[in-house]
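Only one chain comes next, encoded as structure tokens, the form predicted alone.
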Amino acid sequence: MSVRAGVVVTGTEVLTGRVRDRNGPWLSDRLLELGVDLAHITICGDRPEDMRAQLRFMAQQEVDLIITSGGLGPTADDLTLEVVAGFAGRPLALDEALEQRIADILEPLMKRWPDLDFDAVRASNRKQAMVPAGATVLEPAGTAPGMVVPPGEGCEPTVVVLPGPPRELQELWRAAVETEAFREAVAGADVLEQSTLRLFGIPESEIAETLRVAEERIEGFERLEITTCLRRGEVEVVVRHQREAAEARVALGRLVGERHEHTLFSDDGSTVDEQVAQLLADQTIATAESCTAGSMAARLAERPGSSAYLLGGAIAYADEAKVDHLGVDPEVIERHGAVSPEAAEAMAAGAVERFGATVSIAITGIAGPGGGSDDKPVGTVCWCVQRSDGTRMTRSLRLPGDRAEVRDRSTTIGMHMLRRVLRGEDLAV
């Protein structure tokens, strides 16, 4: 690839994990759409020397474009623009027209706090109207404008300075890509295509072996950029390539399908959540959950249009709640335990009946910590997907990890069980 970029995410709150970085992944996708190779994403705190070090690092990697995120507010620790101006060798000057536009944005907001001095607030926001010489101003989506700073003396990369709040960053990005300095920086970008294969119920090592076979068999394989990732119990194989290598990509997809017929569930990039939502289009579903605390229902509800098929659910930890709200026979719990395939089946049947759904999913388990036993240690989880016609699929596994990991993996397994039942697959496999 002929154009490379780097992203510098600033903010001590991001560095320490108090705030999760959403901007880096979003920018990565946007750069890919433009055919720009994202070489690095770095995170640094609100310290000028650390920001300068990150900018110097990016320049040393010979990137054509640097994008910064955050540090454009009115407080003393918001120093990104000052640091970028120094890095580019471009002096800052007050843009009085921009200062007035920011003041016009602030004025109606100040009505919420009538005791505050507007002139004092305006003075503190004046630093947001300081513009590096030659930079293009990106009009604010909040109160902080962005900037596109062209290369300066001794500074090769163009720098796009964006605010930290994702909504504001995304709005200003659309304006940034239209600027002359940005277009010049990415002028040599190649057109890239990306596709994703998704597999479930397979270790990453199996895909590694398939890729070794592909390297020997597929002409042009070396022109494919392939990354594999194990996420939420699924293996994702992401393939990027120029259009000229499309045949090699098709051959790779065919080989993966042949070698992993029973575990490849998506060859078009669609997620299991999207597939389940599509399969539920003319049906209804209810949930019955114990250890996942409503996570399954929440995951189903994330898809657009879920209100048409998600009728509701019951979160029943106590045995009495399972009996009273899901109609579970107390004898089932007494004989097999609340965490058992039998209890999961009874909960699933109860959800179908209670909500009048065409299909239900029940999850009961021990997410931890505490509560486990020698027979049923922490991580033991049981699932049941049941249709109103009595068709059902039941599973029981022990999952590794802490409470959050067990819950997350449990909902992924639940989604794949739903997919199989809704597709009418052979449930004995």
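Just count from 1 along the sequence shown to find any residue number. Because the structure is predicted, anything quoted here is derived from the model rather than measured.
There is also a form predicted in complex with another copy of the chain; it is not shown, and the following applies to it.
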- [ ] Spot the stretch among 222-230, 171-179, 336-344, 86-94 with residues whose non-hydrogen atoms come within 4.5 Å of another copy of the chain in the model of the complex.
- [x] 222-230
TODO: Establish, in the model of the complex, whether Arg183, Val191 and Gln275 all lie within 4.5 Å of another copy of the chain, using non-hydrogen atoms for the distance.
DONE: no
Task: Selected contact from Gly134, Pro330, Gly294, Gly257, since only one has a non-hydrogen atom within 4.5 angstroms of another copy of the chain in the model of the complex - done: Gly294
Task: Contact assignment for another copy of the chain in the model of the complex, among Ser373, Thr391, Gln61, Ser396, heavy atom within 4.5 Å - done: Gln61
TODO: Find out whether any non-hydrogen atom of Thr271 is located within 4.5 angstroms of another copy of the chain in the model of the complex, and reply yes or no.
DONE: no
TODO: Answer for Pro74 alone: is it within 4.5 Å of another copy of the chain in the model of the complex, judged on heavy atom distances?
DONE: yes
Open item on the list: Is Asn125 part of the interface with another copy of the chain in the model of the complex - any heavy atom within 4.5 Å?
Closed with: yes
Open item on the list: Arg101 versus another copy of the chain, in the model of the complex: is there a non-hydrogen atom within 4.5 Å?
Closed with: no
Task: Within 4.5 Å of another copy of the chain in the model of the complex: residues from 289-325 (heavy atom criterion) - done: Glu289, Thr292, Ala293, Gly294, Ser295, Ala297, Ala298, Ala301, Glu302, Arg303, Pro304, Ser306, Ser307, Leu310, Leu311, Gly312, Gly313, Ala314, Ile315, Ala316, Tyr317, Ala318, Ala321, His325
